[in-house]
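Single chain ahead, by itself, as structure tokens, in the form predicted alone.
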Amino acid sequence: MSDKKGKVILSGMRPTGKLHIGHYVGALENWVELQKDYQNYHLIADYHTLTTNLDTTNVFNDSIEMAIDWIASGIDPVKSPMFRQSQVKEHTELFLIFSMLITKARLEKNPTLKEQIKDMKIQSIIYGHLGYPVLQAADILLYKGDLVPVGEDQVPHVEITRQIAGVFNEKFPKNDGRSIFPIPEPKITQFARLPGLDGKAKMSKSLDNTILLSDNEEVIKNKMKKAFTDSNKLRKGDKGNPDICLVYTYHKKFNSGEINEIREGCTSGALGCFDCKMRIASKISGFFAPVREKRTLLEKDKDGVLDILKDGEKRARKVAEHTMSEVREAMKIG
């Protein structure tokens, strides 16, 4: 199908509460643009949180806060239903079926899983964590997703989804011989990862190196004061190397109009690091001012946000039920 409007995209995040600017650059900005041309579904992946943490105390509130940031950033829930994974039970049914179509050895080869185990210092992996790419496959294929917007580190998960879709289609075609599931393609984001304030490759709340979408200018300035820069540029007048400075990376994203001036000032020594940091702090604050303004209004009506999720869940459930009726008919079960 060549018409973009006919193509489906399923995107999602684990509910982690308030989102940071890395989420915006790596996902939300792309999602907002994609909804102009595609049918989008946005999943709050609350079941996925259980793969690494069984404490569900904050999952509900974190889901609401994340939905607020989605809407404030420009996701239109009328065009693009947003919903909690746990409220559409067909996700778990399709996950169970897909679990029969892939081997343990294949899942253990997943490089993203290996990286998680290393980063989180996991000694003994649970079945749900090993198999979470299978649950992701169910999430995507339940809505017959054609494209999956991901960063490069998530491409192996899409490959697993493609493999599962292919195996199912081969073993369980429709009565007329057609396939139930499309073979989805990864859609790589161009600016997939924003470095953290500490210079780490990834911005993460667990590393305390983030700027939240909800942070005001004063908070952003205070955080930016601690940001990692070129260690050889200690004071104004020292010549710096912007190519190894994360503050310059932020300028490239949020201050592109002045990027040549910033680069020249850094390399010549005319621009001190403190002034450079305060300039980008103001730019970031201004960039996200409309998001903060809309977010403030949504915070005052969390019941309304919950109603938006419930409406999205009703619409998603209708699609999911249809897909599962096709699956059961093809498999001759149920």
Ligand code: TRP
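In case it trips you up, residue 1 is the first one in the sequence shown, and so on. This one's a predicted model, so the numbers in the text were calculated from it and none came from an experiment.
FYI, the form predicted together with the ligand isn't displayed, but the following is about it.
Asker: Quick one: in the model of the complex, does every one of H48, Y132 and V148 get a heavy atom within 4.5 Å of the ligand?
Answerer: Yes, the whole candidate spot contacts the ligand.
Asker: 278-286, 37-45, 53-61, 299-307: which one contacts the ligand in the model of the complex at 4.5 Å, heavy atom to heavy atom?
Answerer: After filtering at 4.5 Å, what remains is 37-45.
Asker: Please tell me which of H157, K253, K221, K144 lies within 4.5 Å of the ligand in the model of the complex, judged by heavy atoms.
Answerer: Looking at H157, K253, K221, K144 one by one, just H157 meets the 4.5 Å heavy-atom criterion.
Asker: Check I21 for me: does it contact the ligand in the model of the complex (non-hydrogen atoms, 4.5 angstroms)?
Answerer: Close contact is absent here: in the model of the complex, I21 is far from the ligand, nothing within 4.5 Å, heavy atoms only.
Asker: Just to confirm, T210 within 4.5 Å of the ligand in the model of the complex by heavy atoms?
Answerer: Contact check for T210: no, nothing within 4.5 Å of the ligand in the model of the complex.
Asker: Hey, in the model of the complex, does L10 get a heavy atom within 4.5 angstroms of the ligand?
Answerer: Residue-level check for L10: yes, a contact with the ligand.
Asker: Of 115-148, which residues get within 4.5 Å of the ligand in the model of the complex if you count heavy atoms?
Answerer: Y132, Q136, D139, I140, V148, in sequence order.
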